[in-house]
Every structure is written in structure tokens, then in C-alpha cells.
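Presented below, as C-alpha cells, is a lone chain in the form predicted alone.
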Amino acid sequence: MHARRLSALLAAAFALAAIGGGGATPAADVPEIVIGSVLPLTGTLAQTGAGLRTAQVLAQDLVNGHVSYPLPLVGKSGLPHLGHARIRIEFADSQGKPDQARAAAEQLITQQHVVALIGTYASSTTATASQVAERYGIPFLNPDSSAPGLTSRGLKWFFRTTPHDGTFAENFVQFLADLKKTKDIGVKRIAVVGEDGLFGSGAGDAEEASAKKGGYEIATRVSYPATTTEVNAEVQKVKSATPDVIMQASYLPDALLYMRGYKQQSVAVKAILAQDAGFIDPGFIRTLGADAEGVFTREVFSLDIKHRNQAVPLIDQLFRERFAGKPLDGNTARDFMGILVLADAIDRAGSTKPDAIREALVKTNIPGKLTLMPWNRIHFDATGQNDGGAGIIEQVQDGKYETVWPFDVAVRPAIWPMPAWKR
């Protein structure tokens, strides 16, 4: 894309962001098409939920607008096959609680009469909300929950765009194998740490299986409630096990607790390999500062991959305008794409009937180059899992997330071992 064209698109995009949408008015007899979104808007995950909501609304406005990007259905002034009807997202709060997520999904379906659901970030809340959608026969698109078991429940109406933790655990082991080809990394023992919900337990199971398959010893496995406010005993257990590497799955509040605990108890490991979530939340580096340096995290998105799709920096700038200057990250990029995938399916269905939308989702086949993600494509297998997903690994270096693996897309070499704690 030439610089002049890029500049013109950015100017148009900022104009769109300022007015919150734009483009042709839909035909008078075409109603708004309402998508229901269940997110943690209050509670311990509210900070994350605010970013996800911002990303989803941005995608909604770009679908309804007239500024074109190399992304599915963006800039079409609504849904072309439905008379340019505009989409509208109706939000409901899960509070990060499974029972509340179930109630939120029920309310959106029975009272707001949504044509499809999206959500819910935490795997435990996604599990309950999606069961409601299944009971009512409403398509449910999950862009961000990574517990492997979510797509092994035999559900008909559930679709997931993000890769799951089985893929990411295999990425960790492959990353270590690739490092071994160039240096003696000294890794034999691995500690597996995670919250005790579907996300953490699913990630832990996948990490343990992948690590053992790779020839590593599991030094210890630590499970804890995500709502905990104290982790001293758990950190001591990790330290006593003397692992070389920690593989961890935590949300933001508990990730911060553990990082502070590791420093206070001088837990010395060669690397912390984190399962995204709290470790890539904007609040992670902002809160920890130098104590975040050297942490590795698997990711599903990076601003470094803009060479694949030049919409990446444009969408990032629009997002920053709406979210207090905070950059697009793996969580928010996935939810942005989730709305586009749903809108694309509804448009191809040419209908708001659940069966038609589900059939369109089944037939989804979006090339990776038309997404913000480092994926091969978006295409759902028989379980509803996107079989074109792939992961990358980033490391916090100089206060930023830098892509370090796969090596052919890395922008900086991995720092190994991670730096010692600064006192």
C-alpha cells in the first residue's frame, strides 16, 4: 500500500472514529441486526472487559461505515446482502462469573432477541453461556477462550476462532527445542501453574502433556482460585520444586500477585512462559514496570505482523483513539476479528434465521491475509474449532512486547535466560 493511500485511509478512519460510524443509510424496511455480547464488564476482569467492548464496538462501526480496509465486510455501509442493514451489539455483563454469564446469555436471547452471541473471554463463563445458546439454537462465536475442552463438547452451535491451549502448549515445547539448536538452555524441570477454572486447568493439562512428550520433568503443578488475593504458599511451593521454567496461565489480578510473589521470594528461573491472558493485558507492564522484563508469553497477535495486512497499524491507531492510547493486543484483536467473522457470516447467510447463520459459519473460509492475525485462515472443523489458527511467542523487552518466535517472523532475538530481579 503506497504511503499516500495509507495516509488517506488513516484520515478517513479517524473521521469515522470521531463520528462512531458512517456510510449509507439502510433501507427503511430493514431493521438493525442485533448481536449479543457477553463480557466481564464489572468485577475483577472489568479492565480487560472494557478493552474487549471497545474492540467490538470499533468493528461494529467499521462494518456499518464506508471506509474500506482489507478485512472481511469492513466499509460496506452495513450488510450488503441484507439491504445494508446495520449491525448493533447489545452487551450483557458476566461479572466474570459462570452463573451470571448463563443469565446474561439467556437475557440477550429471550429479551433482546439477538441473532447470534459472541463472548465471553474467560473459558469458565464461555462454557455456561454457550450451553444456553445451544439450548435455544443460537449461533455462538467465541473469539478469545482457549480451554481445549470447549470444542470437544459435541455442541452444534459453538464456533471458536482462536487457537486453543493445546496448540499453545505445543508451541512452548517447540520454542524450547528451537532454542536448543543454537544454545544450551539448561532446561530439564518445568513447573506448571494455573488458576483452577477451565482456562487454567485446560492449559495446565496441555502443558503437562506437551512437556512430558518433549522429555521434560514436571517439577510441580500448582492450582489456585483465580479470585485469590494471596499466593505466598503457592509461590513457596514453586520455589521449593526448583524448576528451570514456569509455564503459567493466569488472569491479570492473579498474574500480578504471582509476579510480585516470585520477586519477593527470589524465585530464580530461566524463563516464565505464560499463556497470554493477564500477561498480555495492558495493565501487566504498566503495573509491574521493570519487573515484567524478560517474561515470555504466547500470543495470537502482534503489531509486528503488519507486513501481512497493512490494516493492522490503522486499526491499532483507531483503537488507541478510543481506549486512552492503549494499543491493540491479543485479546482485543481477537474480539475485533470475532465481530467481523460474525458479520460476514450473517451477510453471506442473507438472513437472520439461526439455521442460515450457522450454515454460513460452517462454510466460513477467510484467508489469513484478510485478518489482523498470524493465522493461515479462519475455517471451522467439525467441532467448531478454527483449524487455521497459529501462535507466536513474545517477550517483554525494554517495556514492550517483542515477537521472538517463530524465528522467521521474530523482530528481536530472545533474551535467555530472563533477567534477574532488580532490587
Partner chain sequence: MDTFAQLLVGGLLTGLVFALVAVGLTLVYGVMDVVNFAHGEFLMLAMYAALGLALIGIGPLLGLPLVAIALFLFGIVVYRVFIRRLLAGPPEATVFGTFGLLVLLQGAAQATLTSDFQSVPNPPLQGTIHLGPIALSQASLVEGIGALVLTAALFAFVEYTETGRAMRALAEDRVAATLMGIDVQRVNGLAFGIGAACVGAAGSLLMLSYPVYPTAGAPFALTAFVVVALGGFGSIQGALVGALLVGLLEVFGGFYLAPELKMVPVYVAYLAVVLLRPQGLLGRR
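We call the rigid core whatever largest set of C-alpha positions still superposes within 1.5 Å between the two forms. These numbers were taken from a predicted model, which means no experiment stands behind them. Numbering follows the first chain given and starts at 1.
Just so it is clear, the following notes concern the form predicted together with the partner chain, a form of the same protein that is not shown.
**Q** Of the residues 138, 345, 82, 256, which one places a heavy atom within 4.5 Å of the partner chain in the model of the complex?
**A** Spelling it out, the residue with a heavy atom inside the cut-off is 256.
**Q** Could you check which residue among 260, 322, 308, 189 gets a heavy atom within 4.5 Å of the partner chain in the model of the complex?
**A** If I apply the 4.5 Å criterion carefully, the residue I get is 260.
**Q** If we define contact as a non-hydrogen atom of the residue within 4.5 angstroms of the partner, is residue 354 a contact of the partner chain in the model of the complex?
**A** Heavy-atom contact with the partner chain at 4.5 Å: absent for residue 354.
**Q** Taking heavy atoms only, is residue 281 within 4.5 angstroms of the partner chain in the model of the complex?
**A** Answer yes; at least one heavy atom of residue 281 falls within 4.5 Å of the partner chain in the model of the complex.
**Q** Is residue 233 part of the interface with the partner chain in the model of the complex - any heavy atom within 4.5 Å?
**A** Residue 233 belongs to the contact set for the partner chain.
**Q** Given that the partner is absent here, does residue 237 sit within 4.5 Å of the partner chain in the model of the complex, heavy atoms only?
**A** Because a heavy atom of residue 237 falls inside 4.5 Å of the partner chain in the model of the complex, the answer is yes.
**Q** The chain here is shown without the partner chain. Which stretch in 384-392, 366-374, 56-64, 39-47 comes within 4.5 angstroms of it in the model of the complex, by heavy atom distance?
**A** Only one stretch qualifies here: 39-47.
**Q** Within 4.5 Å of the partner chain in the model of the complex, which residues of 213-228 have a heavy atom? Give them in sequence order, or say none.
**A** Read in sequence order, the residues that approach the partner chain (within 4.5 Å, in the model of the complex) are 222, 223, 224, 225, 227, 228.
**Q** Comparing between this form and the one not shown on the rigid core: C-alpha of residue 158 shifted by 2 Å or more?
**A** Comparing forms between this form and the one not shown, the residue 158 CA shifts below 2 Å.
**Q** Does residue 233 show a Cα shift reaching 2 Å between this form and the one not shown after rigid-core superposition?
**A** The answer is yes, as the C-alpha of residue 233 shifts between this form and the one not shown by 2 Å or more after core alignment.
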